[in-house]
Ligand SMILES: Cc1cc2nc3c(=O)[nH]c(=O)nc-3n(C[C@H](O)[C@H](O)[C@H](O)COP(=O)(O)OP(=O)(O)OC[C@H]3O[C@@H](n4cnc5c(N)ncnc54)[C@H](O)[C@@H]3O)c2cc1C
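Just the one chain here, the form predicted alone, laid out as structure tokens.
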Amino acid sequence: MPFLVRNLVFDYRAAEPAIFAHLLNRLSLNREEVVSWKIVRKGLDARKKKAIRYVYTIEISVCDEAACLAKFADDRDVTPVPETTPKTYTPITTDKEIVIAGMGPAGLFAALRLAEYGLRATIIERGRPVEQRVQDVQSFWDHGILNPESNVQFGEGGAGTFSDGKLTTRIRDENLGYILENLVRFGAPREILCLAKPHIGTDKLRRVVAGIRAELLERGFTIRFSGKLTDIMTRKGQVSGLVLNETEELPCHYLVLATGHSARDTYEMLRKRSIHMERKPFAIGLRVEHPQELINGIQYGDRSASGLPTAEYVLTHHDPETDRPVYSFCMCPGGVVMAAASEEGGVVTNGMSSFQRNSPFANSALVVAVGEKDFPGSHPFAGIEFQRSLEQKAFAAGNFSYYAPAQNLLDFASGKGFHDVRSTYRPGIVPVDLAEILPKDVALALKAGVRQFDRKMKGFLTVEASLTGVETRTSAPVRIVRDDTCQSVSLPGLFPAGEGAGYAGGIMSAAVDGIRVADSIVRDLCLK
């Protein structure tokens, strides 16, 4: 049985031969006694800028493992690799029609899980294949021409396709390894299996998505692009079919609803069908952008970051005056700020990075939590209307175009001055006072947060940084209520899944939820 050696600490410049030599010394082994070894976890520790290092966990197999383990029986950093039982997938058959609405992480991994059981499904996606979708998004960025059905929010791969492709999550789930291994199988870099903070990048993620599509088609799935779900038909109180594009009927007994957090028209359709939904809190704010060299210098004490990964940050603050959490969100090292609207007449900002994270700029959302006191009343769509009103204000501030309102960070924080403002955002920006767009409490909390962030990262508050707005699509403002079987409490056969259903936040947690829903469908089929 192989075993793990944890907490091996090396200078960030250490190469694998030096790591292996240290491992041999740590375990008092000769090279000939080692059968194999591999790095299973690698995390950067930059707390001491003069001694930046990586912390490794290594899996090793040796000729006499029993003797080695006995020697280190009292060493908590040397332990056997936990035994795992590979999951088995007993093929099942059914005449029931399964449909997956949405090809984001939840929908794609629900499909991959169903395929493990030999099941097939029809996948409907309102947007276009990722290759055509990229062209539509590029046209929007270059010319301000928005395609409401194929954009940063809608299309194959979901909203995460235009992002940094972060694969970090706070949840613990047995399927996390399964997801990472599948991503690698479809073209993601193998290093995501061991990095403490893995990411794919928007460029490689697009290829992964196309690879998953090819696999599903080979397994007999049907994929319908430009197939927008416009109604759900019922019979005897259960899902019996769907309506696509207002006219076409499609038989369906199990519907995995994984349409993402921006499918506002889908929420409205569900409301008309009396599906129980409830509003949920989320966060809004602005996207900040700094020179990446400046962030490298703050985090590493080295603006060039030679030999180090592109620096990132996570910042939090609770503002006592407004009693609101303020935090950075979706930080994109070496990335760009992008236009992310999905509705005409609204401006939405977001950020993305390539795998190499080689843009000269870093960006992050700076957001403030919002909830009941911001959109009072019991209507489940109060949060959506709150989002929409801010997006429309930003559109008006940008001269009624998709130009984003923007401001120098120092000017925003001080409430005075008029320094130059620059941004990677396309189609372009219009200088404005961003505090006039945001709700008063949100603007106050953000200003206080920025000042606190500068105390934690000296140099963060600088004339070199800019803000663009508004960032409103941090998570779903609605939850589609479901029971312990992952089915809607209002309609059996409807399985809300992923971020748009209010049960995930990010690529990994959405993929986990898609798998959870697929497993629930399999259990239901086995009972019938």
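Source: prediction; values computed, not measured. Start at 1 with the first residue shown and count on from there.
Same protein, other form: the form predicted together with this ligand, not shown, and the subject of what follows.
Asks: Pick from 364, 163, 292, 407: which has a non-hydrogen atom within 4.5 Å of this ligand in the predicted bound form?
Replies: Comparing distances to this ligand in the predicted bound form, the residue within 4.5 Å is 163.
Asks: Among the candidate residues 261, 324, 213, 113, which is the single one with a non-hydrogen atom no more than 4.5 Å from this ligand in the predicted bound form?
Replies: Here the answer is residue option 261.
Asks: In the predicted bound form, does each of 330, 351 and 510 have a heavy atom within 4.5 Å of this ligand?
Replies: Contact check passed for all of 330, 351 and 510.
Asks: With this ligand left out here, work out from 418-426, 177-185, 152-160, 371-379 which stretch has heavy atoms within 4.5 Å of it in the predicted bound form.
Replies: It is the stretch 152-160.
Asks: Would residue 309 count as touching this ligand in the predicted bound form under a 4.5 Å heavy atom rule?
Replies: It does not: once this ligand is placed as it appears in the predicted bound form, residue 309 has no heavy atom within 4.5 Å of it.
Asks: With the partner left out here, check for me: in the predicted bound form, does some heavy atom of residue 299 sit within 4.5 Å of this ligand?
Replies: Result no; residue 299 lies far from this ligand in the predicted bound form.
Asks: So in the predicted bound form, is this ligand close enough to residue 266 to count as touching (4.5 Å, heavy atoms)?
Replies: Close contact exists here: in the predicted bound form, residue 266 approaches this ligand to within 4.5 Å, heavy atoms only.
Asks: Residue 346 versus this ligand, in the predicted bound form: is there a non-hydrogen atom within 4.5 Å?
Replies: No, residue 346 is distant from the partner.
Asks: Determine the residues of 219-240 with a heavy atom within 4.5 Å of this ligand in the predicted bound form and present them in sequence order; the list may be empty.
Replies: Contacting residues: 227, 228, 229.
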